[in-house]
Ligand SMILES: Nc1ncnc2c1ncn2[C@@H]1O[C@H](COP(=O)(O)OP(=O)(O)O)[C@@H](O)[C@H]1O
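One chain is shown next in structure tokens, namely the form predicted on its own.
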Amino acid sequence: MPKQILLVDDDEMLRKMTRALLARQGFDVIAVEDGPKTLDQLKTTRPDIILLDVMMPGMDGFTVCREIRANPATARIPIIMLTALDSVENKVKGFEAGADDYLAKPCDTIELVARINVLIRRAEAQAPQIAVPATTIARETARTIAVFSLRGGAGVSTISVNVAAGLSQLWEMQVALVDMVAVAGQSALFLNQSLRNTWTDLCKMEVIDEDAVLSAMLPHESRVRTLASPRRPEESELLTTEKVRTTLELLRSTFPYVVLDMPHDLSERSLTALDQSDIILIITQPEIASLRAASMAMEIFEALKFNEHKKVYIILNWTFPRHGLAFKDIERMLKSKIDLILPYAADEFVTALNIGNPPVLSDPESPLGVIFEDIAMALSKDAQLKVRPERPTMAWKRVTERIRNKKQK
């Protein structure tokens, strides 16, 4: 049976041409010309995918996309936005509205068909992923890693995403990535994920249980599953401390690893998440303001006695090319040793963000990929580190080879 496409475009000529091209590729195409007719059509039709124009009179494509995602009956239909507005700003706006992909017009037919097929296959694969979550791992062995900084711009989201992806690649396990930033969180963007589901959808559910949490998470081919930040600032109020606590408890009993992309504050919601963490990575930069924030965080964690039952590590992220403070002065100011230094790599990180493909996935043998694979191994559970996997992954082989080579020197 041919896959059905709902094509939405106010340009009659483009609508007819695109419909004919897709029909020749074997698709069943329904074409409508505006937003209201799209929503009416979806009352009686469940297409396999929607191709949605952005620039339409009255109700634009972003608004239509948000309406589709807000309706539980249509929320999971894949959406590709087609537009002449080819800019990063509009791509981000499309993802925030809930689009799965974003193509500039005119687009190559081969590329369009390829992306349509990828999204349809991904949508079809989501049902079994949700029905059969990573629950074969012993529930009592979950490890939660919080990545934290009191100062923005330290690279918390970058590190969180790469750690989560690194763990998933090492052990071939599903890893939960939780964006704890209630306003304008970026975890999903780093994985090129549409905000089709977010914390908001979960918090609106009458009962928050394991199935509800899994249904609100965004799947990724790397085995990372993301609980994304709310789409709009006003929705942040839905993330109550109790809902955060319940959700994290469920995640800790479902996934072998949970990585928390933390906000730059110590609100009750943040402290609840930190309290459930087994490991806290404090991220700082080689400048006075960031080091002061890190020092303050360490003092607060000590007062909360986190050091007695959690592992706290300090990562120095060299976010600018030169003129950073001397290493000995940094450790003197922090009154602690630095556990890891991330080298300056602004271009690589910016590129990774723009394409939504973190270095540990896009180029694991690059200097950054190597660092994050090694970090993931260091943060892994002791039980896994002591036993060679029955089927070692390529990531595991690379890391163990590096460890072996270092021991031989």
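The structure presented is a predicted model; accordingly, all values stated were derived computationally and were not measured. In this text, residue numbers run from 1 along the sequence as written.
Omitted here: the form predicted together with the named molecule. The next part is about that form.
- Heavy atoms within 4.5 Å of the named molecule in the predicted complex are found in exactly one of 225 to 233, 304 to 312, 151 to 159, 69 to 77, that being 151 to 159.
- Annotation: in the predicted complex, residues Q186, N317 and A346 each come within 4.5 Å of the named molecule through at least one heavy atom.
- This chain appears without its partner; in the predicted complex, the one residue of R115, K243, H264, R292 with a heavy atom within 4.5 Å of the named molecule is H264.
- In the predicted complex, F95 stays away from the named molecule, with no heavy atom inside 4.5 Å.
- Taking non-hydrogen atoms only, W171 never approaches the named molecule to within 4.5 angstroms in the predicted complex.
- In the predicted complex, the named molecule lies farther than 4.5 Å from every heavy atom of Y102.
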